[in-house]
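The same protein chain appears twice below, in two forms, each given on its own as structure tokens and labelled structure 1 and structure 2.
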Structure 1
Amino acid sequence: MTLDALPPHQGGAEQLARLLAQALLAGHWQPGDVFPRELDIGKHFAVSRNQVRNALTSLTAAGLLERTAGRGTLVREVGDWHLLDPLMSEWMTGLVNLDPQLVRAIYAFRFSAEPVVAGLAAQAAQTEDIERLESAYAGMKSSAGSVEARAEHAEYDVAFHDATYRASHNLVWRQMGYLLRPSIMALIHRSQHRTDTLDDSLARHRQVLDAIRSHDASAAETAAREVLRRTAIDLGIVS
């Protein structure tokens, strides 16, 4: 694989990093492939070697690449990617054709984890957590009608789930909020968002909110599972 298929770029090393990362995430290179050399990348995109090195440092930290002096830069296999790195979430979020294997893996994780998190949230939620959830829910509701507000709706959707993770009041679970954004964005992108499915999704979110507000852990668990079942349908994972 060469660099020729990649679009031009404009801006600093972060833009370059995003560009290269998304090419990797889209599978333009196979695991074990040698990645282009620093100087070639710099020449192709007309940036300094510094910028290239900064970008590659990010990709290496995210587990996408493996660099060794003398040998060059190799592409690591999917199992080694740091899916929980916030940078990864950012890169995945803007990607339209995310690898279906990844989408399914993230969904499977959420399906096993989020009920537990919702249960913890029901136990640990404070007033401010409830307020965050209510505010996000209200946003989802108000942006549910129009088609052009689907980006806004997605943001509120992300905010709702992130608020759930934060409400667990656990430092580790809280970190995983990052993972939600690409998952939900993929959801929004694939689903048609017909009015009935949106209403259904909204109702299920409300169940979660109510259960957490009344500190009912087991109700929160089952309600979270129901939300994710709806998600699975919209993602095309089950029918």
Structure 2
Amino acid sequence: MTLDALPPHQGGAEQLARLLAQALLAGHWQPGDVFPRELDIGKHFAVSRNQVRNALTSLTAAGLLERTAGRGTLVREVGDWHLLDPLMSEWMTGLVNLDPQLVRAIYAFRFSAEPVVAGLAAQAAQTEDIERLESAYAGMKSSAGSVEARAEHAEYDVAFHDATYRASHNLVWRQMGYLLRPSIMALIHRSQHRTDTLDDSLARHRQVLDAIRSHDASAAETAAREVLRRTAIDLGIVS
């Protein structure tokens, strides 16, 4: 990919880092590709070399790039990316066209982790946690029938998953839910193209809600796994 395919840049090094990171996260450059030189980036965006160097330093610190004397700057393997770095979470915010390899990796983690989180939520949920889940589910239900409300529905869907992580009352899982929020949003946007999928999703989310409300950890784990199963099958994570 050339720099010409990127949107215009405005701002300082942080904004430039975000623009370049989002292009990498969307798969515009693949692992092993040679990344554009500092000089070329500076000339293309009409910014100082110092600004470019600072932006590339952020991308390197996040594990996206490897800068080696004599070889230039290379895109690192996805497995080397620091996906739980808060900067990565910030760069993913608002990005719905994540690289397919990255989508699969994140979803595989969620498919393993979220049933555990739902089980913990069923054991630890308090009244306010149940109310947050009920409110998010009600929003999903009210917005599911309208194509125009897809963005609103996605927000409620993310809120439901966020409320589940929060209801676990486990500090580490709570922070994990926060860091995963942008990728969860991107994945939800990808799966909203069919009304029957939304109807099925609503029924499965309701089962998670009922299980957590009943403090049934085993049922909550099973229900949470079923929420994720259809997309997991589509991505080849399970058969």
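Here, rigid core means the biggest group of C-alpha atoms that superpose within 1.5 Å across both forms. Please note that residue numbering is based on structure 1, beginning with 1 at the start of its sequence. What you see is a predicted model; the values in this text were computed from it and never measured.
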Of structures 1 and 2, the one that is the form predicted together with the DNA: 1
R204: CA shift of at least 2 Å between structures 1 and 2 after core fit? no
Following rigid core alignment, is the displacement of the W173 C-alpha between structures 1 and 2 equal to or greater than 2 angstroms? no
Large Cα move at S112 between structures 1 and 2, threshold 2 Å, rigid core: no
Cα displacement of T68 between structures 1 and 2, core-superposed (Å): 10.0
Upon rigid core superposition, what is the positional shift of the Cα of S58 between structures 1 and 2, expressed in Å to one decimal? 4.9
